[in-house]
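Next up: a single chain in structure tokens, the form predicted on its own.
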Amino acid sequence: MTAPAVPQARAGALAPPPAREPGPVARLRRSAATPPGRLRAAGAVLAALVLLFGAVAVWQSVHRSRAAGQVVSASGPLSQDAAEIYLRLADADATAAAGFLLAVDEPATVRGHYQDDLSTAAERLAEAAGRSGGTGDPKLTELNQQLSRYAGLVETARALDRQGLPLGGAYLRYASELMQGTVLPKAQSLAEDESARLDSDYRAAGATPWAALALGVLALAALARYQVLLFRRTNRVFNPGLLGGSLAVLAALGWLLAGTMTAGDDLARGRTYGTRPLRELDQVRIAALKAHTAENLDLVARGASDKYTKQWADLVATLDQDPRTVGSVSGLQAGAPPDAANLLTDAASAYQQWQDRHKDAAAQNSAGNYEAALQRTLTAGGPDTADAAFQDAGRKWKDAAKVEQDAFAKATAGLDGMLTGQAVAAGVLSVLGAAAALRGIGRRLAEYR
């Protein structure tokens, strides 16, 4: 029997395509599905999480360190410089009026006091421009220009008065109006700007690094969770690498928390015993200086206007208000450091003496006895005048302000360096933690070889 014919393959028929090699993504997926692959993936995730925690901790610590540095060396001193500019300008106005009243009897000390006020204000303006980075703040430029104009008007008033011309009093009042209406408002605006900048730096320096803390807790939880998984699979209680990584993250978290709490305490102490009472004291000193200027200019006016009497009454009402109110003389002791509180108590007594002597002089002036009023208000070398009591209070306020400035400087000293150290520690510990985690995973991988 003839065998059936086997059909021949047709010419040109295609052979089956060769099997394709899996691509890199497929190989990666296949590798990740194996126990060693899962270990490698877990190691990469853990190391990345620890390093991310370290990077965020470093970034936030450096940001807070820079803000603390601004508080200590820039916005803090700038804020007090701005307040000092205002105080010096207000004091110069009051002293110029005192020198005018004394006329030929003006002692060299009064003249020197006025000149020192102007030169110190000019120096503080230059320092403020330097600390602000030389950005050419228009307020500083205009203050310098108006200060020169004011000084010129005062010198004109003095020259006319020496010649016995009554126009000298008008020039002095015009100079004071320039100071009170233009120069001091600009100085106050500058002080408010610097005060707001200091508050902003305070907030940034004392901010809690929530993002870094959250990432640190997450990294620590992930490390602990994976160690539990390894324990269930291998019955090995500890993985030295993962344990070391956990300890490194825990140390970094502890350092971060401790640094945050320390910085917060230092900043709070600097604000409580330095910035806040100093601002309140500056307000009192400014109001008192304005009242002293009104007191002197009222005598310069010789009854031609009751403008300065009303100014005096308004300012003294602010100074004499309830001790619990910001800006009252008797309320300054409450928030001041102990050394400053004693000075402020003495200053309050001198202030009250000033008020009593002013009332006596004002009564004489109202009765038409101008010379007696002048003698009770201001006499060259007179220890029993209203001016002498005011100067006594002013010296004690100034000494108290120095104590409060020192309290601020002491509380915030080295704060930026401490936060910089915290950033370095967080960076180093996170790198060590990531390396330890990878080493722990590597030892586990070695068991598959």
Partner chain sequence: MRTARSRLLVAAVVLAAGVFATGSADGAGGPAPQAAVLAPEAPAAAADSCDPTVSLPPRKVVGTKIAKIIERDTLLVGVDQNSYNWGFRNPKTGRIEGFDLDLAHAVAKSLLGNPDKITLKTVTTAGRADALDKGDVDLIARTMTINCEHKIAFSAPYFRIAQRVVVPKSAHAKTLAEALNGKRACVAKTSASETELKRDPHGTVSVRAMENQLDCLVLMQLDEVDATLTDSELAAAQVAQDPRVEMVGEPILPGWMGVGMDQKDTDLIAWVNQVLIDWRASGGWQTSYDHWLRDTMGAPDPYLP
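Small disclaimer: the values here were computed from a predicted structure and weren't measured. Residue numbers count along the first chain shown, from 1. In this text, rigid core is short for the largest set of C-alphas that superpose within 1.5 Å between two forms.
Another form, the form predicted in complex with the partner chain, is not on view; read the next lines as being about it.
Site annotation in the model of the complex: the residue of His113, Arg197, Arg149, Arg269 reaching within 4.5 Å of the partner chain with a heavy atom is Arg149.
In terms of contact with the partner chain in the model of the complex, the residue from Ala103, Ala363, Met261, Leu229 that brings a heavy atom within 4.5 Å is Ala103.
The candidate stretches are 277 to 285, 121 to 129, 201 to 209, 172 to 180, and the one lying within 4.5 Å of the partner chain in the model of the complex by heavy atoms is 172 to 180. The partner chain in the model of the complex comes within 4.5 Å of no heavy atom belonging to Leu319. Taking the partner from the other structure, the partner chain in the model of the complex has no heavy atom within 4.5 Å of any heavy atom of Asp91. Using a 4.5 Å cutoff between non-hydrogen atoms, Pro185 does not count as a contact of the partner chain in the model of the complex.
In the model of the complex, the partner chain sits within 4.5 Å of a heavy atom of Ala301. Residues from 153 to 173 that approach the partner chain in the model of the complex with a non-hydrogen atom closer than or equal to 4.5 Å are Leu153, Asp161, Arg162, Gln163, Gly164, Leu165, Pro166, Leu167, Ala170, Tyr171, Arg173, in the order they occur in the chain.
Relative to the superposed rigid core, Gly335 undergoes a CA displacement smaller than 2 Å between the shown form and the other one. After superposition on the rigid core, displacement of the C-alpha of Gly169 between the shown form and the other one amounts to 2 Å or more.
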